[in-house]
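Okay, so we've got the same protein chain twice, two forms, each given alone as structure tokens, structure 1 and structure 2.
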Structure 1
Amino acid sequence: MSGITSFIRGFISILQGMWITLQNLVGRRKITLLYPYQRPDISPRWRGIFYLPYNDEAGRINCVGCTLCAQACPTGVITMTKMGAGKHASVNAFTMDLGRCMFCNLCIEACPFDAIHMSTRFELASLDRGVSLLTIDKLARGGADAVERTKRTIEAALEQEAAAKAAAAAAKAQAAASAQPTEGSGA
């Protein structure tokens, strides 16, 4: 008797389970994607591969080489060399070793100049380790060209500053020189 009841109970449970699977089979949209051909919708907040935005107005990347991001990074991903000085500073090397990166967002939050961003690009897999070593040419939006232009902008600004300083010094010297004879003649 108990054998029959358990058989019936088992049979009912099979029907129940099949009813649920049937509902799911016909009633629900499938959520899988044929990945390389179909792409997922990625949230704009996605923490993917980094880039250094290029500032068209200023003609340079925003980064001033302050190393705050490198200090905030728990795993030492970021290394850089600074160029320029004072108000006109940037980096001529900025390397991120993504093999060590946790995509934790701490570097982004540390940057006071909004100079480093994360993109929605997520495909990091490659057969070559070197690919995960991002140099500034790969990081800067606009590539090597943007880096070159940044360099020129900084150099021009520095030259201008130096010229202005020289001119100011010359003007001062001239003023001093022209003041001297007057003083001399006055005596």
Structure 2
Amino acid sequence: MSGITSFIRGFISILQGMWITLQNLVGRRKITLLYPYQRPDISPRWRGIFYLPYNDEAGRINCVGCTLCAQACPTGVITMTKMGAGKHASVNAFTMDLGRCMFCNLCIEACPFDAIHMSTRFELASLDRGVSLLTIDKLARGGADAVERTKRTIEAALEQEAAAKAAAAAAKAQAAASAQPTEGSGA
């Protein structure tokens, strides 16, 4: 009798499995998207492609070239070239190799200037390996135009600072020259 009981239990379990399959096939709504034509809803916390925000008030990219993001990166995908110094510092070259990036978010957490962000853009596939190498023109919000405006802003600020230092040095030299006694005075 155990053989017949075993057969009946097996047959019932097959019918139960087919019933569940039929319910899922007919009863549930479809969750498949026709991808290029229908886009999925992306969470705002999605770790997508990086970008460097442009600050309209300051007229420049927020990055000052402190290299904290490059130091925090475990795979070393970030390289940059700094221009300027002090409060007028920025970068004129910033490169990320997304082919080696783990999208771990450590570079963003390390940045004290809120200068690097991750977008919700997720299309990273390409047949060209060079696409994964992002330069500052591709990373900056506003593209090459934003990079050029940043360079002009930093160069103008550096020129103003140099002119102010030269004027201060000239005023100091003038004050020192006027404070010295002349030969004909009674001193």
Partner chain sequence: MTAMQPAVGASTSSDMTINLGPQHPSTHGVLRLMVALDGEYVKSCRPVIGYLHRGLERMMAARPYRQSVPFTDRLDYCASLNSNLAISQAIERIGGMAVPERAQYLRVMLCEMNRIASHLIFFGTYAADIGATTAFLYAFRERERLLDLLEAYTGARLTYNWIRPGGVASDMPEGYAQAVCAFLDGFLKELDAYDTLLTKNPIFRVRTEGVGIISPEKAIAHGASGPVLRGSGVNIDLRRTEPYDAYPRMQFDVPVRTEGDCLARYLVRVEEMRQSARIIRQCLREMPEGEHWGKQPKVFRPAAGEAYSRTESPRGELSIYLVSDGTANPVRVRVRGPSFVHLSMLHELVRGVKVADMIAILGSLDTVLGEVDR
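Take the two forms, find the largest set of C-alpha atoms that superpose within 1.5 Å, and that set is the rigid core. Please note that residue numbering is based on structure 1, beginning with 1 at the start of its sequence. Worth saying up front: this structure is predicted, and the values here are computed from it rather than measured.
Novice: Tell me which of the two structures is the form predicted in complex with its partner chain, please.
Specialist: Comparing the pair, one sees that structure 1 is the form predicted in complex with its partner chain and the remaining one is not.
Novice: Which of these, K30, D128, E57, P44, is at the hinge when you compare the rigid parts of the chain between the two structures?
Specialist: Answer by hinge criterion: K30.
Novice: If the chain moves as two rigid parts between the two structures, put down the smaller part's rotation against the larger in degrees.
Specialist: Treating the chain as two rigid parts, the smaller one turns 16 degrees between the two structures.
Novice: Superposing on the core, what C-alpha displacement does N24 show between the two structures, in angstrom?
Specialist: In the core superposition between the two structures, the C-alpha of N24 moves 3.0 Å.
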